[in-house]
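Here's a solo chain for you in C-alpha cells, the form predicted alone.
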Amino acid sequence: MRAAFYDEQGAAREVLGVSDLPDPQPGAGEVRVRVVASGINPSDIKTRTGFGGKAKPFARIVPHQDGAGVIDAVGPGVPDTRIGERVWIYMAQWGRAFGTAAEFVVVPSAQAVRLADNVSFEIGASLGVPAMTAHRCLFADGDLRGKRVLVQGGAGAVGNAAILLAKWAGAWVAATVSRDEQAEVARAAGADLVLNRHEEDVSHAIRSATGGHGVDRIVDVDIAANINVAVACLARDGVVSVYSTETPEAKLIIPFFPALLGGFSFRFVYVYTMPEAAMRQATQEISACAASGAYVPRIAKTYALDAVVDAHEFQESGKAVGKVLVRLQNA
C-alpha cells in the first residue's frame, strides 16, 4: 500500500515521506479499512514535532487519527457482514504505529463507526478527534436543549464541531473568532452570535445577548488566556470545558471567589482518555447528527497523498480555516 510515514520527529519537509509499505492484516477484533479520506489534527502535528517534549512512541509512524472509507477485511471475532460497510474512524494511531495516512488502516472494530450512506467520506474524515472532543465538552454535564453555550475559537476544527453539535442538540450558541473569514465559518455552522474577540468586549456582549443570564457551558480552546472572560460570561453553576492550550508551559490561575460564588466547574477534556461509555455515546450521537444532515463542517483544503507534506505545513501554518484532508483514493 502507499502510505505517508516518518522515522524521526521534526519538520514535515525534513521527515515526512511517502512510499510503499506492506498491507496491514486485521487481528482478532479488528477490521481493515480501505481509506478514502484522511483527516489531519493538531495532535498529529504535535506527535510529529515532539510538542512539549513528547517522545516518538514508535520507530516508524504512519500519521493521522481520523479517516473514512470502506471495510474490506475483518479479523477473528468480527462478523463478515461488516465487509463493505462505509465507516468513519477515530483514534486510529492512538497506541498504534500506523494511522489513516495510508491506503489501508487496521483498527479495533469499535473504532470503525458506521457512516450513513448520505454522508460523504470527506465529512466522515472530518469527524473523529474534533467531533469526539466537542461532544465530550458539550454533553459530559447533561442535555443541552434550551441551554446557552459559548464556543471560544468557533472556526477551529473542534470549535466548528461544537457549534454544529450544540445547534443540533437545541442550544443557543455564541462563538468567538479572530477575523472575518472565521466569522463566516461560525455563522455557516449556525452560531446565533459571532464575536470578534479582538474588536469586541466578549463578556459584555454575552451578558447583553442573554439578558444578563450568561452562558451555561463554555467550550474553550485556551482557558489560560481566556479565564477572566470565562468567569465573566458564566451563568450560575456554569461549566467550562477545556481541550487545548497554546503552549505546553501554560498555567491556569482561577479567580477563587468569583468561581466559588458562581459555583463554576472546570472540566478538562483529552479525547484519547475519554471513558469508554462517553466514547460510545459520542460515536452514536455524532453519527446521528451527521446522518440528519446537520453536521456540515468547513473543509479547508484536500490534498493528494503525494502532497502530504504540503497538507501538514498548511495545517501547521495557522492559516487553514476548516479541516485539512488527504485523499487516498476514489470512493
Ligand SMILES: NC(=O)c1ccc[n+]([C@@H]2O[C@H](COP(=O)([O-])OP(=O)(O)OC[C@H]3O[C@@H](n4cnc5c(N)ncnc54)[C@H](OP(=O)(O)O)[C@@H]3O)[C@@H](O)[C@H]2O)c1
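Because the structure is a prediction, the values reported are computed rather than measured. Just count from 1 along the sequence shown to find any residue number.
Omitted here: the form predicted in complex with the ligand. The next part is about that form.
- A157 is the sole member of A157, A174, I218, V107 with a non-hydrogen atom lying within 4.5 angstroms of the ligand in the predicted bound form.
- Put simply, of Q111, S244, T210, S203 only one has a heavy atom within 4.5 Å of the ligand in the predicted bound form, and it is S244.
- Annotation: in the predicted bound form, residues V129, Q152 and R179 each come within 4.5 Å of the ligand through at least one heavy atom.
- Interface residue remark: E184 is not counted as part of the site for the ligand in the predicted bound form, having no heavy atom within 4.5 Å.
- Under a 4.5 angstroms non-hydrogen atom cutoff, the ligand in the predicted bound form lacks L252 among its neighbouring residues.
- In the predicted bound form, the ligand sits within 4.5 Å of a heavy atom belonging to V271.
- A residue is said to contact a partner when one of its heavy atoms sits within 4.5 Å of a partner heavy atom; Q93 fails this definition for the ligand in the predicted bound form, lying far away.
- Contact with the ligand, judged by heavy atoms within 4.5 Å in the predicted bound form, is confined among 302-310, 281-289, 24-32, 40-48 to 40-48.
- Interface residues of 219-243, taken as those with a heavy atom within 4.5 Å of the ligand in the predicted bound form (partner not displayed): V221, D222, A225, N226, Y243, in sequence order.
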